[in-house]
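There is one chain below, alone, in structure tokens, taken in the form predicted on its own.
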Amino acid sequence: MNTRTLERVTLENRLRQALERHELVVLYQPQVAMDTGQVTGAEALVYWLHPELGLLSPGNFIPMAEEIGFITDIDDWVLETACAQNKAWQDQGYRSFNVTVNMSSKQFRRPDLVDQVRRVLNATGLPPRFLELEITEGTAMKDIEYTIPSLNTLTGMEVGFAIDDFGTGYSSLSCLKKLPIRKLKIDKSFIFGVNTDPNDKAIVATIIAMAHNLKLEVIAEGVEDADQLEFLHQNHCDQMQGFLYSRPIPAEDFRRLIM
């Protein structure tokens, strides 16, 4: 137990220094249109290049960052890095598309969120319409009356919003219709099951139909095989992302995809 505690404390201390030591990296996973196969966006995902443990995925350290109060520093850095990268692609002459940045609940509820997003957009020169912020269903639905003003202000600036992990929370349709969002992302746990589980098939088809009736786009995450892709295509899902097309990749590799 003492050994595990020491390892945890050591990892926490190292994580606090990860930004200063340039150990955090942003990888980009393509978002692809179902009808054309064209890359329509990029989700920015933060990884930790740990000197001893190698490349750690977000799930290995983001919960710790939230616990120790370091998550807003990471969120700020990822937001600025992703916006600057998208602007750089545009300046290099590549076609314009959205970059999607995940936002923790702590980041989303900070009083100066709107000012922070505005500052980053001004600093990087990225037009607001090419930034999409992604929050989980739980974050969006918690204290919804607090959520709506920030969403309205940012969408008024043309910043887009997507709801992540849709279907895993407890949102009501009466709440969902109040949110000024433009996209729902179907949680990958349902996509994994569409090949074998009739319930998952029904859930995914229902989410797609409901979203379209609400004039929202739908993106499926975690698409890994051709059967999943075919099912989504048959049910008129708008976009997909997943290992079937590409894993999260460095900016230079992503650039080659959009050349």
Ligand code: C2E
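Numbers for residues come from their place in the sequence shown, where the first is 1. Being a predicted model, the structure only gives us computed values, none of them experimental.
Here the subject shifts to the form predicted in complex with the named molecule, a form of this protein not shown in this document.
Each of 104, 222 and 242 places at least one heavy atom within 4.5 Å of the named molecule in the predicted bound form.
Heavy atoms of residue 188 reach within 4.5 Å of the named molecule in the predicted bound form, making it an interface residue. With a 4.5 Å cutoff on heavy atoms, residue 132 does not count as touching the named molecule in the predicted bound form; it lies far away. Residue 192 belongs to the set of residues with a heavy atom inside 4.5 Å of the named molecule in the predicted bound form.
Interface residue remark: residue 80 is not counted as part of the site for the named molecule in the predicted bound form, having no heavy atom within 4.5 Å. Of the stretches 39-47, 229-237, 210-218, 196-204, only 39-47 has residues with a heavy atom within 4.5 Å of the named molecule in the predicted bound form. The contact residue chosen from 71, 144, 88, 113 relative to the named molecule in the predicted bound form is 71, the criterion being a non-hydrogen atom within 4.5 angstroms.
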